[in-house]
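Only one chain is shown below, in structure tokens, and it's the form predicted on its own.
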């Protein structure tokens, strides 16, 4: 079968590999769609040894059941499914609570991260990692597994602060950010402020339900402050889907005292934390900071339900499997608006 693999650190190419045979407890999925994520670029750019090679990338996957391994129940050939990407140990405190994204025995990993992913004609996955998607288009189902799940998990973490009439700033209206705007619109009554460098991205945010849009730049903080008011008031929640120094500075500058910062983007920036009594603090008092990682299977079920109800949908650009490397080049250059989705 065809597969797009990281054959060595930083090298992505299409190769021919044997079609996997599902082991006991696994399902063989005929891949229908795979989202291309910025995290894949981090994997490609990572130092040698941090991720296994060769490995088939693709952690946002949806497809059709082709075959089932021994002991699998509840799935038959022809069923359509989305893949929950995290593979935890299953026995630690986090996993036993249903939070495999907080596994305490295995480093962050999963399908397309520490084992072969979906950028191929077929992928073998644990049956417990599949969720039914019904008649949802697979090009929509695939990005929901990360681009939808991760901001949904962030919103769930911040939900007590997302009271009707409060302000939430979403920084970065890319693959995750444009989904965050829709999730906030569908599940809260907050006022949404979208921030991005791109006018096209801000137009997308408006179409997705943002009440205000602000172009990132030297005047962004002032513009946001005109909306949320002066310190110590501010945005009750800030969701940073970029995570570079500039966006983290904006986030900590506009969040309210007692607010919440959700650092969704993995851009490698630094958030200074300097508690002092004789100078302005780097973060407002009583502010909490969380770094969401993916989400839970239960949350993915809810994201799929929102998708099937037509309340959220990914803005997708599709590419055939042989053009997957091109899709990642465009993603790296910032030329993808919404989500790039590869269709084997």
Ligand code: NAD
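Keep in mind that this is a model prediction, so the values were computed, not measured. Positions refer to the first chain, counted from 1.
What follows is about the form predicted in complex with nicotinamide-adenine-dinucleotide, which we do not show.
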Which of 62 to 70, 296 to 304, 312 to 320, 35 to 43 lies within 4.5 Å of nicotinamide-adenine-dinucleotide in the predicted bound form, heavy atoms considered? The stretch 35 to 43
Students should find that, of 254, 242, 181, 190, the residue having a non-hydrogen atom no more than 4.5 angstroms from nicotinamide-adenine-dinucleotide in the predicted bound form is 242
Partner-free chain; cross-checking nicotinamide-adenine-dinucleotide in the predicted bound form, the single residue of 118, 85, 259, 175 with a heavy atom within 4.5 Å is 175
I'd like to know if residue 331 sits close to nicotinamide-adenine-dinucleotide in the predicted bound form, meaning any non-hydrogen atom pair within 4.5 angstroms. yes
- Message: With a cut-off of 4.5 Å between heavy atoms, is residue 267 one of the residues that contacts nicotinamide-adenine-dinucleotide in the predicted bound form?
- Response: yes
Is there a heavy atom of residue 171 no more than 4.5 Å from a heavy atom of nicotinamide-adenine-dinucleotide in the predicted bound form?
yes
Report whether the minimum heavy atom distance between residue 198 and nicotinamide-adenine-dinucleotide in the predicted bound form is within 4.5 Å. yes
Applying a 4.5 angstroms cut-off on non-hydrogen atoms, the residues of 117 to 153 near nicotinamide-adenine-dinucleotide in the predicted bound form are 146, 150
